[in-house]
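One chain follows as structure tokens, the form predicted on its own.
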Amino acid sequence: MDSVDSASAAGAHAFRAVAIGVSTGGVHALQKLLGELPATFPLPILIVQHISADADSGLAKLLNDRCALRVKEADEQDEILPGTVYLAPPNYHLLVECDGFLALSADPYVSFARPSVDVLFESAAAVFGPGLIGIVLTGANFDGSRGLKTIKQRGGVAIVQDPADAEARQMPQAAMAATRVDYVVALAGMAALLQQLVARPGTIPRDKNGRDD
């Protein structure tokens, strides 16, 4: 997978990956969103859920048991495969490398978090460019806002859970304050939107929410 910049974003591209950032309320949100995606959903999904440094791998198992898609905790040098969900492991940043593999890092906290949504979003945007869909879900801090802005600058699509629908609205609100987002939707409509975007890229009008960069 080669790095792509926004200059090549002409609307003919197909989406190549989804990156999701979530914190407080994330277990419910991820069960709802991933649980409504079919086994045929074609894109890899990369997720940072803020989690305690000493947590076990229970979330990946829970989601894998309840979703049609394969869900796993990301390992160093995992190949990014279609239709697979990768969760950042506790106490490691999750990054996308330009060769289409994942990397884990124990570098210092970013936005007061490790794993950090900003780290995932920024590295994924550098690789996937306009082929990336970035999603900020419920959360009680501002992690992900800088990264979502980078996704937009690289030509990708920015989606935010409606703050009024979120268990914790600070992360969605911070993302909307940082950049002009394309879609602000309730969790109940998120899976349907993703399927529509993937099926017909460039054909669904983008909402005029958020603010200009």
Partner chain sequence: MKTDDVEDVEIHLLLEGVQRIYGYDFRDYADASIKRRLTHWLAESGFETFSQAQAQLLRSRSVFESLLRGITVNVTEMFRDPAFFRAVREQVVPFLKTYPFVKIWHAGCATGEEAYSMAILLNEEGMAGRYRMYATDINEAVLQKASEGVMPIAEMQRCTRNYQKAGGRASFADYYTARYDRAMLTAALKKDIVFAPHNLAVDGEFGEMNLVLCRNVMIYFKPALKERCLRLFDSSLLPGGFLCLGLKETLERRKMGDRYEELAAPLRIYRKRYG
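Model, not experiment: these values are computed from the prediction. Residue numbers count along the first chain shown, from 1.
Although it is not shown, the form predicted together with its partner chain is what the next lines describe.
Colleague: Within 4.5 Å of its partner chain in the model of the complex, do Asp56, Ala140 and Arg169 each have at least one heavy atom?
Modeller: Checking in the model of the complex: none of Asp56, Ala140 and Arg169 is within 4.5 Å of its partner chain.
Colleague: With the partner left out here, check for me: in the model of the complex, does some heavy atom of Leu81 sit within 4.5 Å of its partner chain?
Modeller: Heavy-atom contact with its partner chain at 4.5 Å: absent for Leu81.
Colleague: Is there a heavy atom of Arg146 no more than 4.5 Å from a heavy atom of its partner chain in the model of the complex?
Modeller: Contact with its partner chain, yes.
Colleague: Is there a heavy atom of Val71 lying 4.5 Å or less from a heavy atom of its partner chain in the model of the complex?
Modeller: Contact with its partner chain, no.
Colleague: Residue-level question: is Ala113 within 4.5 Å of its partner chain in the model of the complex, judged on heavy atoms?
Modeller: Ala113: no contact with its partner chain in the model of the complex.
Colleague: Which of the residues spanning 89-115 lie within 4.5 Å of its partner chain in the model of the complex, based on heavy atoms?
Modeller: Pro89, Tyr92, Leu95, Val96, Glu97, Cys98, Leu104, Ser105, Ala106, Asp107, Pro108, Val110, Arg114, in sequence order.
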